[in-house]
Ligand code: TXE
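In structure tokens, the next block holds one chain alone, the form predicted on its own.
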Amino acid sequence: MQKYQNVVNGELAEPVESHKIFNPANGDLLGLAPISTENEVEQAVSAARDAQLAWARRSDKERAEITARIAKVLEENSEYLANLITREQGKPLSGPGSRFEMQACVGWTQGPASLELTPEVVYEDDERKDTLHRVPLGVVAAIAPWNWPLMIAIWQIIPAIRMGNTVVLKPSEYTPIATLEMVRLINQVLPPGVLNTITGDGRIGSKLTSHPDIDKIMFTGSEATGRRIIEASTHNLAPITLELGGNDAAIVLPGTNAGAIAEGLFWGAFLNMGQTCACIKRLYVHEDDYEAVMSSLGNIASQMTIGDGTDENVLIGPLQNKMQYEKVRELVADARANQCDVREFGDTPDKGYFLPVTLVGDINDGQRLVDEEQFGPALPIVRYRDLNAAVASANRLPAALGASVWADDPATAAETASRLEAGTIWINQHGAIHPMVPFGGNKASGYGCEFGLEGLKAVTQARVISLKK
């Protein structure tokens, strides 16, 4: 049985303790993942601290070139890592699955490698010249989730090291193996100590985020854990980027051609089996178009093969873990108990955390499947009569990561989009993020910004050089 290891100061660290990781599609044992001790957290942070100054002193051009080499390493090892993702996380190799995740890892590495934050003269007159520089923060603590384990880790790692920081990454205890392998490969082109890993549960994560030598925290995960990280940061006053998930609403405007938007709606909701923060979690449809939308989505759902994602024909895999599997089952059962119209599609294997693609109609605001982020393949479809009421429904919950408006006329959709409360509002698409476009949540979905130049700024601090003439 293969035993996987953390990387600390450029070296593989022999674990004191390990735990078993299983394939969510069939229960097969995938390997042994390390469990870090508190002393190993200290070693990882110390290695990052020791390496940071020399890394920051390298020229911006040199760090950009090394970042580009990381993209090449990811590209060369894409199929190996994609297979690990499928066997550990569950998403299929095909379609918008593990290969797609690896393409995103490459793209979100190439993006920052191509950008630079040049010094900016913010004021100048006959007496003075003031220039704003962006300098590294220091050591970044990155906490990655289990739904897109490599892609979101890359979102955290790459901007940080591109700008001269060093990183200590803790992957989710549910999906550590593929991430550890990615970090091992990346370290082939990095100086020792620039990128280190620790592994374990929330106790180890808390030890990292509260550590006095941490200068920045990046976290993607639940609101509850995000609040604990805010409390932990009082020990180091580290600035935080928080992406705390969402309960994204989508509104289909009256009279919209259901067939034309059905595929976009379907993958907007069921990407990664619905285990995506910026997925459609609530769909609002005008009462006159309700049956057309339900039918169009059902036609697509009925064509989906559910199964082990190593099968190239499978586009819908298992949920990643039993906790999430049981939560989604419970929410659908609650909807059924409340006489909602529950329509299930697809044959599920007897083994593994598989659920059918589920459309739930005749459901209203206030019911659990609408109000609680399901993070799974069950979409509530809520009828509306008045568009103003639909906008109010979309805005009523604390989560505000993304939202979308769907219409035959984009100009009409834009007016409705301007009234929605979310970090990103898409028109005729959902979850369509891009390495160059800033992304972040509003309200209880967190704060801070990732991607593009704004994402680079988020892992730096401003420093003004003021010259008297």
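Values in this document were obtained by computation on a predicted structure and should not be read as measured data. Numbers for residues come from their place in the sequence shown, where the first is 1.
Unshown form predicted together with the ligand; subsequent notes refer to it.
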In the predicted bound form, the one of 162, 216, 170, 282 near the ligand [non-hydrogen atom within 4.5 angstroms]: 170
One residue of 277, 182, 297, 369 in contact with the ligand, assessed in the predicted bound form (non-hydrogen atom, 4.5 angstroms): 277
Options 342 to 350, 260 to 268, 184 to 192, 323 to 331; stretch whose heavy atom lies within 4.5 Å of the ligand in the predicted bound form: 323 to 331
Contact of residue 209 with the ligand in the predicted bound form (heavy atom, 4.5 Å): yes
Distance check, residue 335 to the ligand in the predicted bound form, heavy atom within 4.5 Å: no
Residue contact check: residue 244 to the ligand in the predicted bound form, 4.5 Å heavy atom: yes
Non-hydrogen atom contact residue 394 with the ligand in the predicted bound form at 4.5 angstroms: no
Those residues of 174 to 209 which, in the predicted bound form, come within 4.5 Å of the ligand by heavy atom: 174, 200, 201, 202, 205, 206, 209
